[in-house]
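Just so you know, structure 1 and structure 2 below are the same protein chain in two forms, each on its own as structure tokens.
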Structure 1
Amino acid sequence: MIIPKLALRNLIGNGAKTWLNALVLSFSFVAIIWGQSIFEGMDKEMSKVTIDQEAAGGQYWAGVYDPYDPTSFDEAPAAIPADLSAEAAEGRAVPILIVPGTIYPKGRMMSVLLKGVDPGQSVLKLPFGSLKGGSGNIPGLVGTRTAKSAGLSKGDTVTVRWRDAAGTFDAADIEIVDIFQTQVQTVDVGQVWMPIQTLQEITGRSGQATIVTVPEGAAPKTYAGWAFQDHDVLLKDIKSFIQAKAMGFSIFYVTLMAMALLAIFNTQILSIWHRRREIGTMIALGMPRGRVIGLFTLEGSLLSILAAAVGAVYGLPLLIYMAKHGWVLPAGQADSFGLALNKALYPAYSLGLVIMTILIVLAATTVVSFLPTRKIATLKPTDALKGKWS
């Protein structure tokens, strides 16, 4: 036990220099964790917004529904299974009815998908609540991309035409009650959201839906005529993209690590050189060289732990603040017509990330701390005592 105690005492006793080193090292720590968390945050964000706004815990697709086959949309809607209907009534499922339609903004003709959703739903994080109430015209909600291509603004009225289940045409005016921003193109481009009850009524598809989205954690069940699509299907593209990106970012991680190790290596070399007399004394007094090497290696390792502690002092509040408020990206996106992605980027810290970082840094630090100490093995105590460094 004497060695760890001694190492710690040496470290603390070294005063300002130790703290300076720890500060530099801690900076690397915080930078590694922050940098890594930003990337992970970006990746998580990609999955998260898709889960929040579209996929949730998975979707049941009715019959022939295929999002990439417009010819399937007319045929697909089916009566919502009683179970799912009951779940929906309690807010544990969101039926969505999809009906092809045409909108006529300013006399132009644009094919859209009319999507009916319960304004009171809480599974998907999109502002469907704005579809509540309103009088006269059917309330409609569009994303910024659709708003842009159709030239629609909040409060505008646009004529929409559709065919009901029997094939009968009808048209009505929709009032755009709100315009939402989203990163998920597939809930925006070419789509007009409205209350599902209204859409069911006007299309004669009472009690029907095309997809039923269930919240995360819901166990998939089997319903005749409905196929459950889990995250493997709904998030496949995103997952393979993230996988590819993670590959690229591992290099970033390695480089940051190399930087931290450079700092430790440097410190260690100086430390050993600076304390050559102390080393000589210890060897002269009969301490085995192995223990001396152990002592110095441990000091280097402890420095990284100290650095972790120092980093925690200023890093934690910073990282917590970031996690809470996000990292607000600088403006300059005005030219993209409000298509801005989330204005703030939320870093994702997993306990695993922090522990992994600390462990990897600790292991690497130990190795790097050990390397310069090998010199001790060949050191002549007499020279060292004199301050010579042979």
Structure 2
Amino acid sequence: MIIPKLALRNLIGNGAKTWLNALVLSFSFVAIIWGQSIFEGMDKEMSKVTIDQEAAGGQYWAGVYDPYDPTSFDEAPAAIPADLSAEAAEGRAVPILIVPGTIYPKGRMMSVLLKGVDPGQSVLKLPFGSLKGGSGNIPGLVGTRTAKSAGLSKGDTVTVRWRDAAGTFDAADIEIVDIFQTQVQTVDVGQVWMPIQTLQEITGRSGQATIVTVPEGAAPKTYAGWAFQDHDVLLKDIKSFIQAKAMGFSIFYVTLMAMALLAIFNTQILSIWHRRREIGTMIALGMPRGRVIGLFTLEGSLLSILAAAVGAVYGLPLLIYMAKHGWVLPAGQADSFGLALNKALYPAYSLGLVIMTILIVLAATTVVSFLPTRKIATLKPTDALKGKWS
């Protein structure tokens, strides 16, 4: 126990120098925990809302359908497999027909995707039930982003044009029965929802759909001409976005860590230089060189524990505040990413994240503290007692 006691006494004995190093190192603790928790919270929030409102338990894609290739939309719709059709009738699946179209709001022309969905579905958490309304015209449902860009309000009537399965253009008026708000832009931007039976009839695609969404927990099956897409595919954009942003932000706390470790490294070098007579005395009295090296290395390691305590003093209130109020993004910035970002980012803390951060910082400070002590291995006690290096 003598080594830990000496290490702790020497660390406290350094006074302001110890506290300054601990303060700088604590910035790394707080930055790593805050940064990683923000991205973990973003991942969980965006994944959850996307699953609730779009992905559910997965999707079956018909034929050549590719959400990134608009030219595939006309050719993709296919007859819904009998099993999926039966499950849809029982509320265990949601067929969606996607047809390119054009609306003409207030004399302007705007390309949209007409999406047909069952108003009575319960798999996706979107207000499709409002599509049961309408007063003679085809009922239409749009999100706030589409309504804003098109200048539409609830109750407005707008002309929509589409091309049917035979390639013939047709048009009709639709009534905007409701406007919903969502953070999932892929179910809002440039999209007009209507009853799937209506869309099938006016486009000559009876019994057809482009995608069929199934609830969570549904076991994927194989259907000819239909490909099942799981969360790895449907949430790929979110995962890629989080990974890229987390990698970029890591440069920030790596820089903080480097500054703190450089300060610790310099402190160790100066400490060994000023205490060379003390080192020589301990070696001359029979203390093994390994234990002397361990003493100085332990001093640096204890600094990371002290830094964690210092970081908890100011970091804990900050992290609690962020968890309660979130990090509010500037107006319009959430939509600029094109993903399901909320207007405020809420961190998701975990015990594993805290432990991982402590272990990383502890390992780094231990290595940095050990490097300057290698000189002790070749130091002659007589030279050290005289204040010299070998």
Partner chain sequence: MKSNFLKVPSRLGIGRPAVGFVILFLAAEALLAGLIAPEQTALSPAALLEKIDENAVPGNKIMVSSMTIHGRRGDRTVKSKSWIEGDDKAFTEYLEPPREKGIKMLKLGDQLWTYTPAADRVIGISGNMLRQSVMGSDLSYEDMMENRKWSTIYAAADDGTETVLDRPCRILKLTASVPDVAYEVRRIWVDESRFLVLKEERYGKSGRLLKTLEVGEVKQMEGRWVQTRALFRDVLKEGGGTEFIIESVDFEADIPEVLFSKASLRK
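For the two forms, the rigid core is made up of the largest set of C-alpha atoms that agree within 1.5 Å on superposition. Since the model is a prediction, treat every value here as computed from it, not as a measurement. Reference numbering: structure 1, starting with residue 1.
Structures 1 and 2, same chain in two forms; the form predicted in complex with the partner chain is found in structure 1. Here residue 258 counts as shifted, since its C-alpha moves by at least 2 Å between structure 1 and structure 2 after the core is aligned. In this overlay on the rigid core, residue 289 has a C-alpha that sits 2 Å or more away from its partner position between structure 1 and structure 2. With the core held fixed between structure 1 and structure 2, residue 189 has its Cα displaced by under 2 Å. Here residue 42 exhibits a Cα shift of 5.0 Å between structure 1 and structure 2, evaluated on the superposed rigid core.
Its Cα shifted by 12.5 Å, residue 354 is compared between structure 1 and structure 2 on a rigid core fit.
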